[in-house]
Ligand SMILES: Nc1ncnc2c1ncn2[C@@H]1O[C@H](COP(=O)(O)OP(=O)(O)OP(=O)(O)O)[C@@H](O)[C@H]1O
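Here you get one chain, nothing else, as structure tokens; it is the form predicted alone.
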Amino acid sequence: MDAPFSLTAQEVTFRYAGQESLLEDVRLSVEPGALTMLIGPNGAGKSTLMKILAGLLQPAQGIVQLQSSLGERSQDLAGLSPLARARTVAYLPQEVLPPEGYTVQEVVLLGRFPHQRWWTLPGEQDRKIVGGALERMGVAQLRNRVFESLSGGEQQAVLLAGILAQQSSLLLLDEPGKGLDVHHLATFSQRLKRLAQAGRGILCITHDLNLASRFADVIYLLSDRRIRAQGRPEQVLTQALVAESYGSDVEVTRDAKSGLPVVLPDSQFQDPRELPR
């Protein structure tokens, strides 16, 4: 991994041609050493924002910049080639379908593409990096298994190993824990936390507000096209902010042991479809 980078969105507005803005004046920063989580209701534009940060979509207004910790001049992400961008920013979308029949090791080797010439085969150094990524994610014993034969939790660990093999200092993950049970979700989140503590900057979209409360260093709340709040979990996951963004049928309390916010359905909530007519 090269010197740590930060990634900053400044006054980003995005719209598809002929449509209203999906995002307006968004300001967000992904800093090395921090696990940052992006939350917000369905349709808020979280995945769209993630694609902009990954350089896959271009904003109508505003800019996304990379800044090296070495104090070098900021770079406009849009000015980098796809390979140069991939060496610094790794993106894991919600749905990933590796080629059918690939083994775990072959899937993770795909993460080495930014560092290879198109005409060369993976070398000894590539395989060493892949082996280290598999070890770090606890799936080295699966290296010869076919990817689609794995459980959901194992597949997620392998996909993240592929991102690690890319050796990018910034990781953008769109709902990486989707579909995992509580044990695998906690394990996966702990791994992300350790990666951030080791110096990477990680931005992770999640719909699990209690997961964000437990593991995030910084939370951004995206709602109604804008960033409504940012800060530590206790600053963002308040009754007022959560109710405003998600609806009044939620209740925010505090965990007795950790003091962190806990978000639950309001005990008085009743689905309007089930009310007597």
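Every value quoted in this text rests on a predicted model; they were computed, and no experiment measured them. The first residue of the shown sequence is 1; numbering continues from there.
The protein also exists as the form predicted in complex with this ligand; that form is not presented, and the subsequent description refers to it.
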{"query": "Among 211 to 219, 230 to 238, 61 to 69, 46 to 54, the region lying within 4.5 Å of this ligand in the model of the complex by heavy atom distance", "finding": "46 to 54"}
{"query": "This ligand: the contacting residue among 207, 183, 128, 194 in the model of the complex [heavy atom, 4.5 Å]", "finding": "207"}
{"query": "Answer option from 81, 141, 94, 149, heavy atom within 4.5 Å of this ligand in the model of the complex", "finding": "94"}
{"query": "4.5 Å heavy atom contact, residue 175 to this ligand in the model of the complex", "finding": "yes"}
{"query": "Exercise: residue 41 in contact with this ligand in the model of the complex, heavy atom 4.5 Å", "finding": "yes"}
{"query": "Proximity of residue 22 to this ligand in the model of the complex, heavy atoms at 4.5 Å", "finding": "yes"}
